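Form predicted alone, single chain, as structure tokens, below.
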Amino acid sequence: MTLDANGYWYMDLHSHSTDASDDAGGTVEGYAKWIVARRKKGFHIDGFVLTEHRQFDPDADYTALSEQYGVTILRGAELETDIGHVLVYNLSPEFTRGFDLASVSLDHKEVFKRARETGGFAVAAHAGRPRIGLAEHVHGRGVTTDGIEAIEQLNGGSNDEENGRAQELAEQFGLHRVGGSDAHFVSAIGRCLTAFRRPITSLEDLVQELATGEYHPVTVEQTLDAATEGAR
């Protein structure tokens, strides 16, 4: 896999599978197969991150599936904090020892802070949604964005109004913006993506790129090959 003609690498940073999320119906292999099928139609999806709810299994390994289908498959977690849900990437043993991942009210300041201190990166998920998104807590409770570098502005499970609210928040506070499908079923994977300027094949790559701020959210339709699109 290489960067597309416009110089981007596309990753879905938010997904859930039957392996660990009880509200999901999509399997990891099913996601990989769907991505391969979408590529044949001209769409660019280079990989995805599994962000299972309130847990992280350090022994889970999808290397074989990744190699079989030519899809980057990485792992993170979606945690629940006092300002809504937070996606965390590259969870180290040092990070996980410091939190009860099953909690629904983690201290968000500590989650963002410790993620960075231990070699990871945290992103405020579906930031425009009521109650579980950052925007409501900022505007309704006066929570600051101190220590928060990026938010999920484009979420495949949120409506246009919610995603618009997240975009306004990012613009108001100068936050970096990512995209993720929030897929729970196979056909949703890759619906929303993050366009990076460099290839990402490991969690270390992902954290390094997220720290640069050189990325933006896109819909899968925006990745379509120009030549393919013209022929449709």
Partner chain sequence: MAEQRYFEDVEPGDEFNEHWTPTRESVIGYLTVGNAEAGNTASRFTSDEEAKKIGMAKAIVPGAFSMVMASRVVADWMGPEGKLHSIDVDFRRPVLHDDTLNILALVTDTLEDDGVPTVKLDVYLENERGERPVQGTALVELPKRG
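Numbering follows the first chain given and starts at 1. All figures in this text were calculated on a predicted structure; none of them were measured in a lab.
If you look for the form predicted together with the partner chain, you will not find it shown, but the lines that follow are about it.
Contact check for Arg129, His184 and Ser187: all three have a heavy atom within 4.5 Å of the partner chain in the predicted bound form. Partner proximity in the predicted bound form, defined as non-hydrogen atoms within 4.5 angstroms of the partner chain, places exactly one of 156-164, 135-143, 103-111, 88-96 at the interface: 156-164. When you look in the predicted bound form, the only residue of Phe196, Tyr62, Phe56, Trp34 with a non-hydrogen atom within 4.5 Å of the partner chain is Trp34.
Under a 4.5 angstroms non-hydrogen atom cutoff, the partner chain in the predicted bound form has Arg191 among its neighbouring residues. When the partner chain is considered in the predicted bound form, Gly213 lies well away from it, no heavy atom lying within 4.5 Å. Residues from 7-32 that approach the partner chain in the predicted bound form with a non-hydrogen atom closer than or equal to 4.5 Å are Asp23, Gly25, in the order they occur in the chain.
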